[in-house]
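Presented as structure tokens, the chain that follows is alone, the form predicted alone.
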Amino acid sequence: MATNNAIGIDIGGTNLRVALVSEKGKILNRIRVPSQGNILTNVTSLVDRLINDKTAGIGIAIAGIIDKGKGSVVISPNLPSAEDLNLADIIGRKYSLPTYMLNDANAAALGEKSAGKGKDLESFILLTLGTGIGGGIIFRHELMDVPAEIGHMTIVPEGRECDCGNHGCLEEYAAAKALINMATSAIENGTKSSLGLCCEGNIYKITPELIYKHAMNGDMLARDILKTAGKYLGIAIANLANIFYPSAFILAGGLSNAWNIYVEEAIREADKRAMPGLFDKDTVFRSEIYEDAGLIGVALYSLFT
């Protein structure tokens, strides 16, 4: 007998991804395009290509603080065009299907709990390390219904101004945009680096992937940037360990690929700063489904809520 499926939509600061997901959490089909232009138009055009007569729900994952009652984004520093857009309501009415919206990191935590590293864990904290930094907290096998805006934890009092209006947020020191800003600023101020020669000399095209590549090839600026960012991430992890004492931390997103320098520095810093017994460096894992975790989590949420 044919089973139901759901559409998962993950609206990120860099990419828009839509997938058809089985009720067992398997990705059946997917499409990814850059996050640009009109969000609603882009989303519906991709959903139209994947939806079928077995689709029983639609889930939307997006960065920011969500008003789940209205199905809208209240605040999204990295996606301001989505604010106050009742996307879940609009999509639900268009397709006549139950449609829900979740914070993207909360959705990813559900995906990890359903089909990833968190499947057998009673508690864990999922950190999404990308354009920004998000968080999702699983406690006693359930998603904690809290914003978990870990990227906006104050790390440096009176520090750099953040898009959210605060100063000194973790995102401004440890997210992808922070790495890029540190690299371009250093090169503009005369720091010698092989990064200055890449991208045909256009340093404003530097990416976190290039920073990691040059760091692994021995470039000192790139290595210093990753170590500095990793240190700030480690401070945040130590704070979270002291508060929640989770069974594990699961790291997802593009920056989790910079494990050898960035994440290892974060683990060392967390190990130094956490209260004794509340952090175990061997319980920090890289997500094995990080590209799909949010899609899976929000799709299943739409089916089983």
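Numbers for residues come from their place in the sequence shown, where the first is 1. Just so it is clear, the model here is predicted, and its values are computed rather than measured.
Absent from the display: the form predicted together with a further copy of the same chain. The rest refers to it.
> State yes only if every one of Pro34, Leu85 and Trp259 has a non-hydrogen atom within 4.5 Å of a further copy of the same chain in the model of the complex; otherwise state no.
The answer is no; none of Pro34, Leu85 and Trp259 reaches a further copy of the same chain.
> Among 144 to 152, 220 to 228, 179 to 187, 112 to 120, mark the stretch whose residues have heavy atoms within 4.5 Å of a further copy of the same chain in the model of the complex.
Contact criterion met by 144 to 152 only.
> Quick check on this chain: which one of Leu278, Ile39, Ile51, Ile27 has a heavy atom within 4.5 Å of a further copy of the same chain in the model of the complex?
The option sitting close enough to the partner is Leu278.
> With a further copy of the same chain left out of view, which of Tyr232, Tyr100, Phe124, Tyr212 would have a heavy atom within 4.5 Å of it in the model of the complex?
Only one listed residue qualifies here, and that residue is Tyr232.
> Flag Leu46 as yes or no: does it have a non-hydrogen atom within 4.5 angstroms of any non-hydrogen atom of a further copy of the same chain in the model of the complex?
Result no; Leu46 lies far from a further copy of the same chain in the model of the complex.
> Using the partner position in the model of the complex, report whether His167 sits within 4.5 Å of a further copy of the same chain, counting heavy atoms only.
Heavy-atom contact with a further copy of the same chain at 4.5 Å: present for His167.
> Ala56 near a further copy of the same chain in the model of the complex, any heavy atom under 4.5 Å?
Residue-level check for Ala56: no, no contact with a further copy of the same chain.
> Does the 4.5 Å heavy atom contact test between Ile75 and a further copy of the same chain in the model of the complex come out positive?
Heavy-atom contact with a further copy of the same chain at 4.5 Å: present for Ile75.
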